[in-house]
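The chain that follows stands alone, in the form predicted alone, written as structure tokens.
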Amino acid sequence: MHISNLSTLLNKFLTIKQLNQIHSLILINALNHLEPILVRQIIVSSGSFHQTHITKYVKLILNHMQHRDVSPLGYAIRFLCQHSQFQDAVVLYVQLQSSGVFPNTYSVSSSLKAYGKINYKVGGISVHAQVHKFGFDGVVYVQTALLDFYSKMGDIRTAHKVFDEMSGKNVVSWNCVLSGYVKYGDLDTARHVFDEMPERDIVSWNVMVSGYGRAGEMDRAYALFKEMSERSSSSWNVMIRGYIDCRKMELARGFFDAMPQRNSISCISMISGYSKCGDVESAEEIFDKEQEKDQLLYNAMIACYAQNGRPKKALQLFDEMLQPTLNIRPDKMTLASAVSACSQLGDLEFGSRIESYMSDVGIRMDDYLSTALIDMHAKSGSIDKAFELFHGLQKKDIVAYSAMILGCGINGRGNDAVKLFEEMMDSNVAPNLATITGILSAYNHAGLVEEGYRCFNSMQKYGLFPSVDHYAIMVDLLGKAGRLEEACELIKKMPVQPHSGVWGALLLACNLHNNLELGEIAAAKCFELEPDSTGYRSLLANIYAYSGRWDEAKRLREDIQESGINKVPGCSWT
């Protein structure tokens, strides 16, 4: 085909198949100078293509392109930003500069957006210098990109300085500086900017309302909402989100029901809010009524089930999502929730199916997903697999450490749990309540009383306060070591009412060490808290028998037989 014909074709809207054929001709005939035009045309025509495939295709061409031109590269940088490939956009911008090609206004403004999204201030500042160098100071959308960048970085002073120096401010520029003050938490200055705006659009109103909502000032948010002459779905969603964050679900539901037109975000916000309140039934109602269910809606409902102790329902919905008729592909968030459900059930088989699915569809493991798998394998007894995943993490956070420490604790690997805890502390990762539960369980299994005491007493140093379950573990630890009086004193000093697990741990220790006096006290509390449980009566009967009080032991055992309820032969409070 003649070169002029190819050039003409590349100025038309083409299918992906046609673009592939043209690319082949370019490569066969060494027409490398046409590659920049090809990239531009792929991007222009990309609206009807599968975006993930197109992004990969564009990056593949760019990596092998011999003739670089600023126009298609600028298109490509903007295209990558539009599809959240911010790291790749930054890499391409750096490559553009190193190849000696001067940037244009599109590439500069897009690179500023990318640097803002990846939170890399130094890179954005270097682009700011290039704005001056290449004379882009007077371009409104470049200045607006700078303003938006500094606002995202939390550098509101520089952002306002850029704003003051702008010659042609438009509503987008005003919205950027307004958003900066809202993000910074300076609502008084934000309101001053809002009131001074020569022109407001719906974004301006939404930003100000969301600022009040995030600050919990819902009265001011509502007052501003009522003043709006025009409202979008985002306006309603901002109000719903604000009431949810304030734990006012009835008001959030009122706004949700009154919405003229709901969208997926509205439903997801409500499901998330009900999930946090533990109201799974109301979340189900929202989910079931929605006719057009997308991936995000399924994610919200699966997460709701997993976070509220309904793992079977979470996996049933995950299975439903995989049905070919739905054509909805799970993402990493879906998979993490499904793995969490497997972890709760101890269903390693289903978890392995999820891992196979990830491998089959090419989903890359990230730290978030790996941590969910670590928790599942650790709780299912596959502690070596959990360690393998843990060591492969790029960044070990508190969630990953907690999962491993707890896993080691419940799998009898106390020494490993202690080493992990020490490693975590050396890495300046502060523990949370789950971490303390894990390490105390490990100390308990290993019989390390003093170490357990030190850990328990150090909780307030990290701003943590022991839960009833932490006390139960400490009572069990002291009790096993024969320090029953100390265990009893610890219970008396508890700032909250002990549950049956705390008294049960003491009763179990009294049975172990044949302490009748404290055993009777602990048993009485257990009977009061759980009158239908025969396990506690069985333990007290054993203590009576060891102490030679056969009549009391016989009476308790007859009570157990008459109740018709089988006793629980063994139980653990750790």
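Everything numeric in this text was worked out from a predicted model, so none of it was measured. Residue numbers here begin at 1 and follow the sequence given. Under this definition, the rigid core comprises the largest set of C-alpha atoms superposing within 1.5 Å between the forms.
Although it is not shown, the form predicted together with the DNA is what the next lines describe.
The listed set Leu477, Leu420, Cys176, Leu315 contains one residue whose heavy atoms approach the DNA in the model of the complex to within 4.5 Å, identified as Cys176.
Residue Ser234 is the only one of Ser234, Ser282, Gln85, Thr158 with a heavy atom lying within 4.5 Å of the DNA in the model of the complex. Looking at Val496, you'd find every heavy atom of it more than 4.5 angstroms from the DNA in the model of the complex. The closest non-hydrogen atom of Asn444 lies beyond 4.5 Å of the DNA in the model of the complex. Among heavy atoms of Tyr106, some come within 4.5 Å of the DNA in the model of the complex. Remark: Gln307 counts among the residues lining the DNA in the model of the complex, judged by a heavy atom distance of 4.5 Å or less. Only one of 219-227, 337-345, 120-128, 467-475 places residue heavy atoms within 4.5 angstroms of the DNA in the model of the complex, namely 337-345. Using a 4.5 Å cut-off on any heavy atom, the residues of 241-273 that reach the DNA in the model of the complex are, in sequence order, Arg241, Asn263, Ser264, Ile265, Ile268, Ser269, Ser272. Core-aligned CA deviation for Val172 between this form and the one not shown: 2 Å or greater.
Superposition on the rigid core between this form and the one not shown places the CA atom of Thr144 2 Å or more away from its counterpart. Fitting the two forms on the rigid core leaves the C-alpha of Lys276 displaced by under 2 angstroms between this form and the one not shown.
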